[in-house]
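A lone chain, given as structure tokens: the form predicted on its own.
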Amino acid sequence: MTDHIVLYGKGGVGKSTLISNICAALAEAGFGIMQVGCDPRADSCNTLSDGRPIPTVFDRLRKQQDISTETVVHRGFKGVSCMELGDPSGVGLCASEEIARAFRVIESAGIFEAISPDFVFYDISGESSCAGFHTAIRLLDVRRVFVVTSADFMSLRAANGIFSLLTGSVGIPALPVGGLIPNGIGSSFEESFIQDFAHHTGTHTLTHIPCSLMVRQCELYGKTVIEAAPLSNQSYFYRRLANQIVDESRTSTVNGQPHPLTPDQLGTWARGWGDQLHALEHGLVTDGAAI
């Protein structure tokens, strides 16, 4: 049975790099893995394919070419099946009808059945311009959704907005949220900042991924850290996170659906942290007592 896993996140939080390393770690562990890039730039799978772009589903649809496992799925590191949807509109924007059409074509082509992976990971931007994916992804039997964030307020505000999209409404079921993934963390403060946001939104965090120049170096070589530096500490964190995602996805119960903050609640929370940082910066408290 194939488990469909979605990773959302604001652009710039390092989500594509993260998901490729997760897929590489799980493929290395013997799982059958497929990664589906859903960004118009079609660069989600680059580090799994030696930095080379791969043909996209939307390119072939525009040219009225056939969609099949042979034409849109490409083997990457350790046999990871890579597929890029590409740009649905041809101008770098997301288009709801075209996105839904692409998913229908992929389904009718029997691509998932032909590959039969253990996990399919979807790399989806949380930007409002790509809201069409939020509707289309509900057509799949999604096992878990994880939200990737860095330790800045804009990323956490985007995560809060993603929670609002995932909670559902009348007649629309909620998607099962597996938690927050802190990415690019450089200090204990940043980790505490995200954990407190998770507490206030009723969710939890998975293992954090530290900030490291090794990630950038490996990307410049067109590789995941798992492939280029398999014995590094950074690879340890990616493998640990990959194991957590498998464990979380294969439990029958969801560990708490998030309840997004209202704009006023989010503003109050942010100002509270601002006051704490002000107190620490100006010596009103010491030794991190403000945090």
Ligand SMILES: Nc1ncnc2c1ncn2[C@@H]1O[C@H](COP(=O)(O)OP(=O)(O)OP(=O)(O)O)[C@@H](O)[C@H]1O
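All values derive from a computational prediction rather than experimental measurement. Throughout, we count residues from 1 along the sequence that is shown.
Beyond the structure shown, there is the form predicted in complex with this ligand, which is absent from this document and is the topic of what follows.
- Shown without its partner, this chain lists R75, R104, R216, H199 as candidates; in the model of the complex, only R216 has a non-hydrogen atom within 4.5 angstroms of this ligand.
- D39 is the sole member of E28, E248, D39, E227 with a non-hydrogen atom lying within 4.5 angstroms of this ligand in the model of the complex.
- Remark: T207 does not count among the residues lining this ligand in the model of the complex, judged by a heavy atom distance of 4.5 Å or less.
- Although the partner is absent here, I22 lies well away from this ligand in the model of the complex, with no heavy atom inside 4.5 Å.
- With a 4.5 Å cutoff on heavy atoms, G184 counts as touching this ligand in the model of the complex.
- In the model of the complex, this ligand stays beyond 4.5 Å of every heavy atom belonging to L140.
- Heavy atoms within 4.5 Å of this ligand in the model of the complex are found in exactly one of 233-241, 29-37, 260-268, 64-72, that being 233-241.
- The candidate spot formed by H4, T167 and P176 lies out of contact with this ligand in the model of the complex, as no residue has a heavy atom within 4.5 Å of it.
- Residues K10, G11, G12, V13, G14, K15, S16, T17 of 1-29 are found to place at least one heavy atom within 4.5 Å of this ligand in the model of the complex.
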